[in-house]
Every structure is written in structure tokens, then in C-alpha cells.
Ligand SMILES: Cc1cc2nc3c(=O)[nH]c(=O)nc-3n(C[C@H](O)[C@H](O)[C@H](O)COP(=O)(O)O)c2cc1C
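Here you get one chain, nothing else, as C-alpha cells; it is the form predicted on its own.
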């Protein structure tokens, strides 16, 4: 599964794996792919430094990258407290009432809530970059459009390629104009924030729109056959995220959530604003249904919604309230039926890819892989 881009980066397989877990990122790179660590959860620079140190010690000298969430346009400095003050009391009461309805316990006194979505804030993302550029990362990806021009220049000065996610050909062309090196065409089927266009339609549109820039296909890809389809559509690799959630190296801290993922079918996800304020594909739960109910207060724009629900999500996760427990995940969740190692996932991907190539060769009247 090699392409011009994978050869340029020195990886065996053109499989780029996005994950919030350092152990998974390192395992992806060791297996011959390209591990990309999601940085949005890191609000303390020392925590990111600790995990990049760990990756450096366990990646076996192979390349890896970092994914940040950073707006393209500079925004005047706004503190987290100032943003918190914008959240209406009615929405806070809705959260309290919903948690009370399901009997979700409070956090212990003095116990901090878990992940707070502050990585979107430019000053937080820039501190992440200050740390990351001290490491030999080969790729910087941005999940919120093109990063600011000075960040692109800073990455290029360090020979770091820059990638940005796009949900349409129009977005992709803007990335190209901004000097981005790689466009990730993320289809409707993908986990997390997505657009409205399915991968089969989106990938060739983006490939044509930004030629000759390399394009990675994302969304609805979890088998070698699907990797082959993406490359056939013109992509130079695939960007996989959901498939790693049920690997043995992942650290979900929730057996109940793992069970839900393994039991879910491809129709058990929904694009909802419940988590961040922007449409994000995730497991359908009674939590998402409560927020999507027209009788409720409705979700707030990003980043207010993420800050509003941060403690609630921490409580739901800590106490494993199954009816409310969810996570961003794509429609490929229907293929995630057992816990496997990252290496086992790669073995399955390469086997399926070879089978797909053989099938196409037989149809074309050829013998053996091309």
C-alpha cells in the first residue's frame, strides 16, 4: 500500500492513523503506517511533552505527526473564564436536570472534570506547537481548516508537511491557496466533525480540485478493500481514526464504552452538535437525543457547547452511565466487532488490499498484483 506520498515520508503503508492515544500512534508507525497524535486534549504543555517523549521512546525511529485544532483567522485573546460567562443559565440547568434524570453522581469534592475542549483556542494550540516543534514530527495536521499563515511558514521552516481537513472541493481549494501540502478529504461517514458529502463523491472531487497536491481519503474506511477503493479514486493514502478505538493499545478507560462500540452497527451513529456545538458524528445515545430534541434548549455554538458539557461528559464516563455513554466514531463502527492489536488491524488491511488488487486485475484480464 505504497504511494508517492508514503515513499516521501518513508513509511511502508499509505495509512495515516489519527488517535488521541500515544500508544496507538506509536504502534501505527511501528506497523508501517504513519501515526498522528491528536493534541486537542492537551491544555498543559508538560502533558503533551510527556506523551511526545513516550512516543519518541517507543516509535522505533519511525515518522509520526501531530493534529491540532486551530482557527485560520487570528482571534483577539479571550480567556476561558470569559467564554464560560457566555453560557446561558438555562442551558446549565438543562444539563443538571438531564444528569439528575439519569441519576448520574457528582464528581468527588475537589475532583477536576476531565477533558475540557479548550484546544480550539488559538493560544492553547500555539503552546502545543511550541512543544511539538522541539520534536522531529514530520506532519502537522489541522482539523479546523488551514492554520494561520505564520504557523504554515513555521512548519515549512522545519521541513514539516502541513495537512488540513476538507469536507468539500471548495474548502480544499482554499487549503491549496493557503500553502497546505496535503488535503484530507473527510466524508460524511467519518467520525467527529464532518461535512455533508459522502467519501465516494468527495474524494475524486477534491483530488481533481487540488491536483497535484496529494489527498488523503477519510470516512467510511476500515478495510483493505476500502483502502484500495480510495487509492483508485485518486487518493495518495487514507486517514483512519475510528478503527483504532477498539484496539488493545487504546486507553478508553471504560469497558462499558468498549462494549458499546463493539456491539454497534453502522446505523448506530448520528451527526449531532451535542458534544462541541458543530455537527460531529458519534454514537447515538440518550444524551444526543436529549440535545437534539426540539423541546430542549438547543445546542450552543462552538466552543460554548463543549465547555458547557465537559463536566457532564466526565461524570457520564467516570460512572459509565451506559444509556448516555458515547464517543465520536464513524459509520465504520459496524466493522469494529472485536478488540485487536494495531498490528492485527494492519495485517487485515494489507490482506484485504491485496485481495482487492487481485480482483481488479482479474477483471482487467491481468494476473498478479500490479
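Positions refer to the first chain, counted from 1. It should be emphasised that the depicted structure is a prediction, and the values quoted were computed from it without experimental measurement.
Beyond what is shown, the protein has a form predicted together with the named molecule; the following relates to that form.
Shown without its partner, this chain lists 342, 69, 48, 309 as candidates; in the predicted complex, only 69 has a non-hydrogen atom within 4.5 angstroms of the named molecule. At a distance threshold of 4.5 angstroms between non-hydrogen atoms, residue 140 is out of contact with the named molecule in the predicted complex. The named molecule is not drawn, but in the predicted complex it has no heavy atom within 4.5 Å of residue 346. Using a 4.5 angstroms threshold between heavy atoms, residue 239 counts as touching the named molecule in the predicted complex. Among residues of the shown chain, residue 219 is one whose heavy atoms approach the named molecule to within 4.5 Å in the predicted complex. Taken together, 9, 133 and 162 are entirely out of contact with the named molecule in the predicted complex: none brings a heavy atom within 4.5 Å. Per the 4.5 Å heavy atom criterion, the named molecule in the predicted complex is contacted by stretch 184 to 192, the sole one of 266 to 274, 145 to 153, 225 to 233, 184 to 192. In the predicted complex, 18, 40 are the residues of 7 to 43 with at least one heavy atom within 4.5 Å of the named molecule, listed from first to last.
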